[in-house]
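Presented as structure tokens, the chain that follows is alone, the form predicted on its own.
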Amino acid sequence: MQPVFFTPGPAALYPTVQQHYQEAFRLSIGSISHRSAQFRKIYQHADEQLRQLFNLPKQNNAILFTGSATEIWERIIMNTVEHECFHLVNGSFSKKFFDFAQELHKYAHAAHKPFGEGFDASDVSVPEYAELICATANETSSGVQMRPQEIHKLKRANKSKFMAVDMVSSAPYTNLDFTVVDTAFFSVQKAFGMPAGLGVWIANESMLEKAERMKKHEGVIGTYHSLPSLWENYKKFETPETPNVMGIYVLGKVAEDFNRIGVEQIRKETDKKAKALYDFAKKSDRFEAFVENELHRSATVVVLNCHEAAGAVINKVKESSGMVVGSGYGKMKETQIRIANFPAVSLEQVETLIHTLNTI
């Protein structure tokens, strides 16, 4: 029996991914030149499908490909921050984004919340000279979300500053308005249900203009993966280097699958599955939701406190049902489980997992 993965990344493969890779092998996609007309069509198809999925404006932004979302942290900081940036830190991944800025010798400010607590726009006071605000739509480590309306409010209150949104473990669930936010990014091994090795970066022209000014005056904003270099190649649906061609091909196909279902339907299904998991935790005497504020509870990564060793829970679930849930992150490894609620897992599978947790 094939295991069912509820791990938050790498996560369960989306049901159509295998057939898309098989088709890619049949077409010898892995051997084509990234300067070929065939590749340009692959890139264009992925671009078109992602634009539809995220309701992107037809102009003023680009969809760029990197090796990972982690790389995009570095690219954003190097290409948009001359001196100061500001980070909303409430978990391990939002802190790493902040740490990157410090390592790149930027004056990095941060607002901190305890692990498991979220941000609303009213909580946040942005430093006057910060050029970039970094928010995390879904903190994978703790299961905390920042609601899109709060992200939009924060940007509208700070129109002169760039707003960057990490949506690694929530895209395409998080419904961002890309006429408001400047940039967002994700990697494909989570909600898109693909093997790791591809980062997706959505950036607007205002960021490009800033990067070009910085390149002229500051010098180093990156080499082959600077924003100007990526954008210049994007205009031809090419990349600066040989990219993960098969990954881009499959991403375009998965995005097409998502569009066929409809992103609103995916969001409704995600909410329904999340409600089932949180309702279970509320009634259980062995598990409880870690995030206390319901408005800040993630719909895509559900974190539960365990009243017994989390490792034992994970092993029992796998032995009895073949399902694999994630462990808590870092210091929470022995006390929490994390359940990824991505499009690859169905409501029926979530209900089976709930039954298993009730009976082990």
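Don't overthink the numbering: it's just position in the shown sequence, from 1. Quick caveat: nothing in here was measured; it's all calculated off a predicted structure.
Only in words, not in the display: the form predicted together with another copy of the chain, which the text now covers.
Note on the interface: of 177 to 185, 214 to 222, 112 to 120, 149 to 157, the segment with non-hydrogen atoms within 4.5 angstroms of another copy of the chain in the predicted complex is 214 to 222.
Interface membership of T242, defined by any non-hydrogen atom within 4.5 Å of another copy of the chain in the predicted complex, is confirmed. Another copy of the chain in the predicted complex is approached by S28, whose closest heavy atom lies within 4.5 angstroms of it. Remark: P10 counts among the residues lining another copy of the chain in the predicted complex, judged by a heavy atom distance of 4.5 Å or less.
Proximity of M246 to another copy of the chain in the predicted complex falls within the 4.5 Å heavy atom cutoff. The contact with another copy of the chain in the predicted complex, taken as any heavy atom within 4.5 Å, belongs to H105 out of K275, K268, H105, K236. Using a 4.5 Å cut-off on any heavy atom, the residues of 33 to 53 that reach another copy of the chain in the predicted complex are, in sequence order, S33, H34.
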